[in-house]
Structure formats: structure tokens, C-alpha cells
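There is one chain below, alone, in C-alpha cells, taken in the form predicted alone.
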């Protein structure tokens, strides 16, 4: 198989010398230990395979392996990185002086059949030695994250182009070509993780189907495999052969047993099967359900009857080409081994940089040494003193981390539960090469010269004025916010001046004695017809309640104009970061005093890290353990699609206020970024009551509840609560930045420090 180790090491070998140390092979008893090596011609990875005489006891075995390893490394110069896929390699390599030690924990190995009894002890030692830990999925990350302060989830990715060949198969492998249709298949290791009883039940229930099993039989007796006329075990196949076999199946199977050995697996074959355009039927593996359970193409079943029924449905689906396959491609569009490699490499680089900084600091203090200083990212159980722990690497946390380190020389530990910086403003290139916003469109606009000047230190800008259309009356696209053009298009009138538009709206407006709600705001300005056309359905979808139940501030954010200005915003500064938001955030936190840890929870670090003060940008009710109950939020579900066409819609965002349409708006990112490419990416936004907190629900009782938490915050002066979630307010990006800068000034003033404003010239909003 060519999976995670091969994909990653091939990429590391482009810039580093990579030696992949294999499990020892047996040699005749009495022969000396030897080491053979070969260079993979396509990647340059050196594969080293030790041969040890049979019958060697444990101590002699480890001593022999240590001697072979030292001899191989004797002539190697440069910085050494240790990368472990199993703790069992630790005994003969723990002595190596490495600048960084990585544990890529792919599974809960101790749960596997015939796992060595010492594995658990060695893994505990490896966690203590490792500078950074990667896990093979989110379930495993949840199980391991309290074991180390620098753990990051990296579900296995997929080589989509390789497995997409299955969609174009014309000539099948000889041993499969003669099997009757329909065909359902599995490839992978056949071991204790496969539910053999389920496989037999499926074969018995559908004798007319061909069930194809590819892969070696390991750790179980081949004689125990169910034997049926329609069960075909074709043995192991090469990575290059897999798409040809997959292309000859109607449905791909994952009949995993639900036991300790499968509790934390995140099967790579899931995205591989889907890349090949095949529906998947799986037992309820947690990470399969978590990441792919929302796809029509992935059927999950708990027992034999439901598994057979799911196969029936998947087989019917396989004969249809349409929306299910588009949804699959959209789901897979952000999966890339290149992206996984880049993010892993970034975490390693942070460790190396932190070590270098620690060594330089020690030398500058007269404590120079020829040995490497301890890493800034400490193994579990060790502490490093920080002046500040900042929770959340969005705008509020990142701005404060940069200011405190660059202006006051503070040492800051910046953590975020997500595996990236930037919070909701995070952007990335998808599989189609389109720079897209993972959490929906983020448009920068501000009237604050201070905020714009500050952010200009970390990015160049692209001029961009945001425009939005609303789809009403069955397909008519009109400017939003409502302006004179909107009225002329809707009513077939010819309003020429602002006075004309004012008079027209006044004739439709309905008097409201006292404006209390969002409904009151709109009806008093434009009347009930426009209110129902543009606001009522959209608001009901967005907030899950009628505008008459919401504070007047909700719809007051969207003005009504009497001119023909069709820009959504009218701020002095309107632009987009030229290289994207993520690059801007990376530049912002790239400071000497910042230690960044991603993919970790606040609870994971608060007891391990040694810090003086806390800046908290997460939900304030979460900080206080929901003492008075949870603060209500609305969330969003994003449906991303990459389309094989240059454009999808005329502007960046089209709103769909009709209540019958399940989403509120569709965004197309190339309008915002100015990117030129043959494909385009769009996002459908579906409001939700469940999920990440995005929008505080503006109702009086919610504000009253927040005030209770605000009182607790005032009684906790050692903690600064900054940002949207920490202050339960809907802030724009520039407002959060301004709040963070104001917080920094108060901190500096309390310390008697003079704040030097950023003196970089206010850059014009111009392209590169």
C-alpha cells in the first residue's frame, strides 16, 4: 500500500534526506546482524532493512539494532529529526540527539491483536520525549490530547487524481473481469478488524452479487474466512492496481467489526473509494460518521440486516449520476496530501524555531552551550513560564499576541482548538486551486484608519467593493441593500432622484408607535410588502425565529438607500488581503515571543502551562462552566462545491430570502479575491441551531443572561475577555481588531509603558 507514511516521506524527501527504518527481517541463526538499504527511485527515500539472526533475545536484539543504526548515521551530517510510527522503535533509538521528535500516532496500537505488552509503557515514554504529536484522526486526537501539550489531528488524506482513474476504467484486471455483476468490493488488510460474520451474512443474503476482497490476510487464520461461491478473495494488489479494481465495482464496502481495534480508526479508504466515484457502505466507525456521514453516498449500518439494506440502496445510487457525486467531490475538494504535509511541516518548523530562539536567548545571557536548548513546546508534564496565555487565534487573540510580544517584549502562548490560525476568517486553496473561505465569506471594511494601518503591516491589499444581489419573485436578481435601482426593477417605475425614492418608500411605510423589534424597524421604513419580500423569510432562516421576536438591531444593520449606490458597505477602507487572510494571520503571529499551539483545548494547557495572565477570546459562558446556563447562539453549516466552470453567479454573494429555499445565500470567492482560474468554488450557507457558535441571539433575556457572566468577568480581573464570543456581541472584523488594540493600550498603560503606534505608511488600497 502507498498510504500515509509513503505520501508524507516522499514529500519530506524533496528537501531532506529521509531514511525509513523498517521492521527487522529474520536471518539464519548464528549469522551476524546486517543492514541492507535501497533508494526508492521515484522519491529518493532510503529504505533501511535490518536482518537479525533468529533466536536473538530482547537485550541482544536492541543492542544489535542500535549498533546498525549508529553505523548508518555515523556519516550523516546536519540536523536530525526523529519520526516514529510505533513506540516499538524507541528502545534502540532513544539515545539519538534530535532537534525535533515527532510521534505520528496512527492508531491505538495497544488495542490490536498480538500487541506487545511493553507497547503501552514505551508509548508513555515516547509522549514524554516527543516535541509534537500527530494523530491519524479526530477520535484518536480526542483520546490522546490530554497526553501531550502539542497534539494535532491529521486525518489521512487522499490522492484524488490517482483514485479518480476508477471512474474511467475501460479494461479490468483479468482475475476480476469474469466475475458476475453487480460487484461490491473491499481492499485493505484482512485481520481482526473485519466483521467476518457480517461478510458471510451479506454473501448469503445476496447470492447473485459478487463480493470481492483484496488484500493480505494478517493475524487471523485464513481458514476462518467465510467461504461462499460469491465471495472472491483475490489477494494483495499494488497501489497502482487499486483504481482498476475499484473501477470494476458498483459499491465499496467497509465491513469493520466494532471493537477495541476499530475504536479510533480513520480509514483512508473512505476518501479513496469516494474519489473513485463509488458509494460506500460502512459499519458505524466514529470518524467515518463524523466526516462523511452527511453524504448520500456513504451509508452507515449497525447490524447485518441494515447493512444489507444499505448495500441495496448504495447499489441503486451507483446507477445514478448526479447530485450525490457532486456532493462527494465537494466534500473531497479540500483533502490533499500536499496540504497535510505543509501543515505538519509547519508544526515541525515551529519546534525548530523555538529551539533556536531558546538557544540564542541562553547564549545571549552568558549560558552558551554546544548542545541544543530544550524546546519551547514542552513535552507533557513540563512547564515554560509565559507572561500571557491567549486562548483563541482569531482576530482578537492574534492581534494581542502580536502587540504584547512586538511592543512589550512579552512571552505569549497562543492556543486554538482548531488546527489553524485565523478563526472564522481562515482561508485556503481547495483541490481546484481556488482560494476559498472555509467558514463563509469574510469581507474587510472599516472607517478606522488606525485599524487599517495596523493590519497593513501584515498584508498587502486588493481593492474590493462588495456587492450583493437578492433573488426574489422566482428568479429576479436585484441589488441588496434596497436602493433606487431595486425599487425601479421591482415595481417598473422610473424613480429619478433620491426625493422620488423617499416619497415612494414613505407611501409604503407603515407607522409603528414604538420601534422595539426587527420587524418594527423594517415595516416603519419600507412597508410590509418589502419586509416580507426581503427580510421576514431570510431572518426566520438565519435566526430560527420571526423578526418580531428579535431585537431591532438585527435588521437595523442593513440600511435602505434612496440613491443608486449598490455597494454593500460604504466604509472608507474596503479591501481584501492580497494573499489571503491566513497568510495575514501567519505574518501577524510570526513573532519571536509567540509560541503557537493549534488543535488543543484550553483545558489541555491551563494546568500544564506556566503563565501569569490569561486573555480569553472563547465563549464567556464556557469559561465559567455554564454556571447560569448556556448563552444562545446561531450556527452555520457550509456546503462547499468546486465547479468545473469559470463563474457561477454575477456577484460575490446572492441572498435567497424566500423561506422555501433551505439556504440563505450563495457565495463565490473569485469575485472577492480576483483570482484567475478555470474552476470556481461556491458555498451554500445553511443556518443551524447546532454547531460552532457564530451569532449571539439578540433578545433581551439573552442580554440579561450575559450580564450575569459579565459580572463574573468583572470579578476576575486577572483575565481579559476580548472578542465576539467573550463579550457576546456581533462584531465585524475591524471592530474586533479595534477592541483588541484598545485592550492592549490598557495593558500597556497599566504597566506604565508608552504605546508606539504602528508607523508604517497607510498603504493605499492597491493591488500588488
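Numbering follows the first chain given and starts at 1. These figures come from a predicted structure and were not determined experimentally.
We do not show the form predicted together with flavin-adenine dinucleotide (FAD), though everything after this point is about it.
Interface residue among 527, 226, 440, 215, judged by heavy atoms within 4.5 Å of flavin-adenine dinucleotide (FAD) in the model of the complex: 440. The single contact residue among 337, 638, 324, 611, judged by any heavy atom lying within 4.5 Å of flavin-adenine dinucleotide (FAD) in the model of the complex, is 638. Among residues of the shown chain, residue 185 is not one whose heavy atoms approach flavin-adenine dinucleotide (FAD) to within 4.5 Å in the model of the complex. flavin-adenine dinucleotide (FAD) in the model of the complex is approached by residue 601, whose closest heavy atom lies within 4.5 angstroms of it.
For residue 313, no non-hydrogen atom is located within 4.5 Å of flavin-adenine dinucleotide (FAD) in the model of the complex, even though that partner is not displayed. Using a 4.5 Å cutoff between non-hydrogen atoms, residue 519 does not count as a contact of flavin-adenine dinucleotide (FAD) in the model of the complex. Note on the interface: of 126 to 134, 246 to 254, 420 to 428, 228 to 236, the segment with non-hydrogen atoms within 4.5 angstroms of flavin-adenine dinucleotide (FAD) in the model of the complex is 420 to 428. Contact annotation for 603 to 620: residues with any non-hydrogen atom within 4.5 angstroms of flavin-adenine dinucleotide (FAD) in the model of the complex are 616, 617, 618, 619, listed in sequence order.
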